[in-house]
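Listed next as structure tokens is one chain, alone, in the form predicted alone.
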């Protein structure tokens, strides 16, 4: 295995990433595949993993899986743990599919209030465990289809809140009048900043969203920039929910492009200490740390 001590699997809803992980959580090699957990029946998971990890499993290394493989109706449902939850809590709750005892799946987390579940996450808990956090309280933002704002301490998820920012962006572009003629985002940073500003000053998001059409009809927004303006509105609304406290560090853990976009929006909102972390590296290190904790 050329130094690999673990096969890490990050199985998202729409994407699969398999990693050869060395000591300390270093990524030695990586493979990606579009067969995410959202499109697979339970019986399909073993064959897909064997295909993508071809040649990596021959020496029977430990395999640790995070993400949606443990969701209801997927490979094997692994119950959510309540927050606050520590690295050790995750390690103690690892579970295996009936036919693959050598493979372990990381549980997700659930937020509780008044004795009932009010929010859930799968995958982001592993990213948080892979971050090198200084002692104290931290805010971690994991941007994506369902963005998470996570309160954390080193080795612990304290609480979190989910925002359907990415999914709303896709749905509005594809299924509403606002998306008519709308191009791809990432071409007009000025339009993005205008959208962020609008969202920060107007808390009525469903009203502010209609400004995409109004600004276009008024020739103040070029159609080429409409996707960036919409992105700014949605990300700005997410940040506005936390803009009452702009002090202290905010760590972004995700893909480079999303990290950059959120960093811009956070700075517009007045957050001065914005830090960037690589999502894949955090997952790999988190999987390695959870595996190590399970061996204690």
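Residue numbers count along the first chain shown, from 1. All figures in this text were calculated on a predicted structure; none of them were measured in a lab.
Same protein, other form: the form predicted together with a further copy of the same chain, not shown, and the subject of what follows.
At the 4.5 Å threshold, heavy atoms of residue 198 reach a further copy of the same chain in the predicted bound form.
Put simply, residue 104 is far from a further copy of the same chain in the predicted bound form: not one heavy atom of it is within 4.5 Å.
When a further copy of the same chain is considered in the predicted bound form, residue 241 lines it closely, a heavy atom lying within 4.5 Å. Although the partner is absent here, residue 167 lies within 4.5 Å of a further copy of the same chain in the predicted bound form, judged by heavy atoms. Note on the partner interface in the predicted bound form: the residue among 95, 81, 158, 172 having a heavy atom within 4.5 angstroms of a further copy of the same chain is 172. For the residues 63, 258, 227, 68, the 4.5 Å heavy atom test against a further copy of the same chain in the predicted bound form is passed only by 68. With a further copy of the same chain omitted here, the record of contacts in the predicted bound form names 118-126 of 118-126, 134-142, 183-191, 83-91, defined by a heavy atom within 4.5 Å. Shown here without a further copy of the same chain, the chain has 198, 202, 204, 205, 206, 207, 208, 209, 210, 213, 214, 215, 217, 218 in 184-218 lying with a heavy atom within 4.5 Å of that partner in the predicted bound form.
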